[in-house]
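Below you will find one chain, with nothing else, as C-alpha cells; this is the form predicted on its own, and questions on how it binds or moves follow later.
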Amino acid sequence: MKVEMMKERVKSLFRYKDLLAQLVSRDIKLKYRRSFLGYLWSVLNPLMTMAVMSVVFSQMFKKGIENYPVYLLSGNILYSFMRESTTHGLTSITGNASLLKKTYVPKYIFTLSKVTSDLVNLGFSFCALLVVMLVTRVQFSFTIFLCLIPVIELYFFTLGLSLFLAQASVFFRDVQYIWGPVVLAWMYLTPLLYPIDALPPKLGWIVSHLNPLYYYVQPFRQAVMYAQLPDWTLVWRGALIAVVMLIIGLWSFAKAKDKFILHI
C-alpha cells in the first residue's frame, strides 16, 4: 500500500512539473525585480559578505586557516542556502493560502519550489566562490566536481527540514519567530568563521558529530578548497541524515496537509 502511495506521489510530481518550473522561475525573478543589477546580486552579495567578514575575522583566525576568504565563503554559501531555503519554506504554505483555497494543487509543491529556487541561487553563489578562488590562486583539481555530492545531500536535508517547518508553522505561527534565533545560533555552532580546532575538545566533538551542517560543509571544502577527496565517512553520514530528515519532513507534511485548509 505504501509503495503504491509513493508511486502515486511521484506521478503527481511529474504531472505538476510545469507548475513547479513556473513557481521556481517566479521566485527567482521576484527576488531581483526592479533591481538595476538583477541576477548579478546573487554573485555580488556573497562577495561583499565575504569581504566584510574576512576583514573582521581574518585577524582572529589567520594563523589557523590558510586562504581565509575561500574558507569563509565556501562554508557561508552552504549555510546561506540552508538558512534562506528553510526561512522561505517556513512560510510556503501560509504565504500561498489564497491560492490553496481557490484550486487544488499538491501542497508540497510550494515548499519544493522555494527550496529549489534557492538551490539555483546557490549556483550563482558558487560562481562568486570560483572568482575568489581564481583571485587567490587556489589549486583547481578534478575533485571540485565532487562538491556536488554534499550539495545534493544538503538539498534533500533542507527540503525535509523545510517540509517539517512549513507544516508546523501552519498550526503554530510562533515557529516563524523562533526559527530566526535558532538558525543564527546554528551558524555560530558550525565552523564557518573559525577552524574546528579552535573549539574546546568536548564542544568540538559535539559540533563534528551532532551538527548536521558540518557533514556537508567539511566535504565541500575538502573537494573545492583543498583538492582532496571528501571524507567518505562524513559523506555517508551526511546522506543518512538527509534521508532521515526527508522522511520526517514528508511524513509530518503528509499527516498534516489535509488540515491546512482549516488553519490558513
Partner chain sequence: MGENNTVVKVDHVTVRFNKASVKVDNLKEYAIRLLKRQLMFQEFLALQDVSLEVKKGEAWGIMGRNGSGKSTLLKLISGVLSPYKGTVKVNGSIAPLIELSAGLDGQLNAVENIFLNGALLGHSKKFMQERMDEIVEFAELKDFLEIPIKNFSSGMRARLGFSIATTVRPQLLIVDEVLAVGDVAFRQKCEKRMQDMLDKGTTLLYVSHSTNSVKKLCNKALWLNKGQEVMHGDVDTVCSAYMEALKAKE
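This structure is a prediction, so every number in the text was calculated from the model and none was measured. Positions refer to the first chain, counted from 1.
As for the form predicted in complex with its partner chain, it is not shown, yet the points below apply to it.
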Taking its partner chain as it sits in the predicted complex, is L23 near enough to touch it, meaning that at least one heavy atom pair lies within 4.5 angstroms? yes
Are any of the heavy atoms in V244 no more than 4.5 Å from a heavy atom of its partner chain in the predicted complex? no
Contact with its partner chain in the predicted complex for L203, defined as at least one heavy atom pair within 4.5 Å: yes or no? no
Does at least one non-hydrogen atom of L19 fall within 4.5 angstroms of its partner chain in the predicted complex? yes
Let me know the one among C127, V182, L148, L99 whose heavy atoms come within 4.5 Å of its partner chain in the predicted complex, would you? L99
Among 149-157, 169-177, 79-87, 128-136, which stretch has residues with heavy atoms no more than 4.5 Å from its partner chain in the predicted complex? 169-177
In sequence order, the residues of 103-125 that place a heavy atom within 4.5 Å of its partner chain in the predicted complex are T103, Y104, V105
